[in-house]
Structure formats: structure tokens, C-alpha cells
Ligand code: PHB
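Coming up is one lone chain in C-alpha cells, specifically the form predicted alone.
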Amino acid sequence: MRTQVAIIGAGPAGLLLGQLLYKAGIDNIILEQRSADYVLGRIRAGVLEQVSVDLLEAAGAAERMHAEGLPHDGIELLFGGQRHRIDLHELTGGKRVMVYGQTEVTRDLMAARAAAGLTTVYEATNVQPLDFDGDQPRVTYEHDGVSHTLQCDFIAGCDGFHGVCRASVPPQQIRTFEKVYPFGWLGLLSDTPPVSDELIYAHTERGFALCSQRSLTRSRYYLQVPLTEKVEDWSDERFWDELKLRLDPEARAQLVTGPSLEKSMAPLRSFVTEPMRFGRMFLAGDAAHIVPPTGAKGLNLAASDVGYLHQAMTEYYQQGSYEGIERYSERCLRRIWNAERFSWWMTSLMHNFPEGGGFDAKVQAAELGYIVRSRAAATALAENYVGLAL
């Protein structure tokens, strides 16, 4: 088989890239080691920057998002027992974010790809990107017990943190930067109305909490917990009781509890790999970087990578220009490090650190107070939260 672009990974990054390339008349095939049902079953975040919304529109996969998604003009910071609203829309000159679950984004992109009759090979095993340092890259894989070779012009590695693409790069050609945080997020998904119209980021003596949502009837809540905690030790009742202790009295009174649809534990990490291009293979999304979820940047960074890669490949095929391909890493990494800084800052601001003492707690309180008193500080938070244009 032959295609112009072989995309490894059928998560939102790979699917979005495939749809954008198709719209530009560029042939592509997606290989995914898991089943479609498994991919859709992964629970992830759902706060979309305008750049992500724009790319979904360009991909022809935004209709349901606009019908069912929830535009948000602000967020709330809870500290010292009181909530303080950050008006994203007013502070950024009219920008906002869209709350729409990553599972739904993936579902919409899958539907768009199927409607276009494009090829996605699910349950492709032993996938290997080869010869990407030359002019004739290829990907070998097995499907239904049969070995296949996919010849291509380029390989897009959208296969996540544990994927094969980054692992296929010779160690001497790649650098990694990593920070591991000493706690995780325990998340609970429930079919209950959100406790607030906007997201609540809570900094308390008991630890961080986040009140998020997927729709007007489905909520997602998170608690900061030690890495030693196990999901099975947290009953629904224990989770709700602990969340109430981290909320202000008004939110506590408004909180609607119910049985969990899913509970999971996520460790927090900051991770970046440089560069993101190796000959004719490109890394995008979690294959190249991880951010703590505090800043809501993970899916949005993956989308911006895809935006740059789509631009580069369109210029190559339509104009014969190699400039976008040459500058892919530079463009992506400038944006990635800005997001990494913001996510690290938000994580450091809102969480309790085991090694921190009274001094650290006082500095956090001072910084939070400064944000809500200073328009300049609030604007800096808002501009980073809504995201920068490509």
C-alpha cells in the first residue's frame, strides 16, 4: 500500500490531522493499535481553546460541538473560603473557551472520517516506523495476522506518550525534559448537574480540587491526593465527602452527588521532547509533550501541533515549499514551552506540596490575592488560559 502521509495513532490528534489533510486534498491512512471502542472509552479533559475550535471547524467536525458544547467566559478561583471570578472574556478582549469533552471530539472526528470514506486500520499490531531519515519512509504493521507495509512520504507520530514513534528515534538524536509532581488527581465522572456554571479551581488546606463539567447534566470532579492512594479505596461516598470539605459553603450546599460513572487516578507530570521532527517523521501531541492538567492545555497543545503540521504539509504539496516542515519543531516548541510554563505555574499555585511549609503556603496566598486584586495579573492568567493564536 502507499499513501502520502501515514498517521500512527487514532486519538484526537491523529484524527484531526487526517481530516485536515483530507480537506487539503492530501491522502492519508491512520494506523491504531487499539479498537475504536477502546479509543472512545478513554476519559479525558474537555476545555477547548479558540484555536482548537477553529481547527475543528476547518476539519468539518464542529457542528455538534457548537450545538452541545458550553462556551465559558470565566473561571472561579476558590481560596480562603471564598470564590473570585476571573472574567476571561472581558480581560482578553472577547475570547472564551469551549467546554466539550475529548471523547465527544474524538467521536465527531471518527464520524467525519467515516463519512469521507477514509481508511483507518484499528487493532494494527507491531507497528514500526522505518527509514524516516531518508526519502522513502515506510511503516510496517500486522492486522488480522497478516503483515503489511505502508509506503509514504511522511510519518506523523500521534501515538501518545507510550507510543512507538518517539521510541523509534535513536537516543542520541533526542533530548527530554521532565518534572514529576509528588501527587495525582483522583477524578470522578457522574451524571449530575454541575455545581457551578463555570469551572471552580480550589486551593485549600486539604489540597486542590477542581469542579468541572462535560454538559449541563454530566460533571467531572477532581481531588489532589498522594500518589500512594488507590482508586479502589475511594468509595463514591468518601469522594463526595472529601470534595465537600474543599468547597465554599455556597458550593457545598449546591453540590448534587450521585453514583460515579468512572473513577480514575492520574499522576501529574511535565514532559517535553526536543526536537519534534526526525527527517520525515514528526511527533505531535502526547508523543512529544505532557502537561499537568491544571492549565487545561493537553488537548489544545496537540491540536496546535496538528495545526502547524497541517500547514507545513499543505505548503509542501500545494506550493512545493519545505519551509514549514523545516520550522515545525521551532514553531511547536515555542508554543509548548509557554503552555508548560503556565501549567507548571498553575499547578504550583493551586496545589499543596508535601515538602512545602508555612512559607510556601503564605506565598501562594499572597499570589492568589495579587491575581484577584490586580487587573494586570488577572489578565496574564486569562490570556494564558484562553490560549494564544497560531
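Quantities reported herein were computed from a predicted structural model and do not represent experimental measurements. Note that residue numbering begins at 1 and tracks the sequence as displayed.
Beyond the structure shown, there is the form predicted in complex with the ligand, which is absent from this document and is the topic of what follows.
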- Query: Check Leu91, Lys95 and Thr379: does every one of them have a heavy atom within 4.5 Å of the ligand in the predicted complex?
  - Reply: no
Assert contact residue (the ligand, in the predicted complex, non-hydrogen atom within 4.5 Å, options Gly74, Gly184, Pro293, Pro137) equals Pro293
Heavy atom within 4.5 Å of the ligand in the predicted complex, from candidates Leu56, Ala339, Cys332, Val47, belongs to Val47
Only one of 315-323, 173-181, 205-213, 272-280 sits within 4.5 Å of the ligand in the predicted complex by heavy atom distance, namely 205-213
Phe132 within 4.5 Å of the ligand in the predicted complex, heavy atoms: no
Worksheet entry | Ala251: touches the ligand in the predicted complex, heavy atom cutoff 4.5 angstroms | no
Exercise. Would you check, heavy atoms only and a 4.5 Å threshold, whether Val225 touches the ligand in the predicted complex?
Key: no
Hey, in the predicted complex, does Leu247 get a heavy atom within 4.5 angstroms of the ligand? no
Residues in 187-201 that come within 4.5 Å of the ligand in the predicted complex by at least one heavy atom, in order, are Leu199, Tyr201
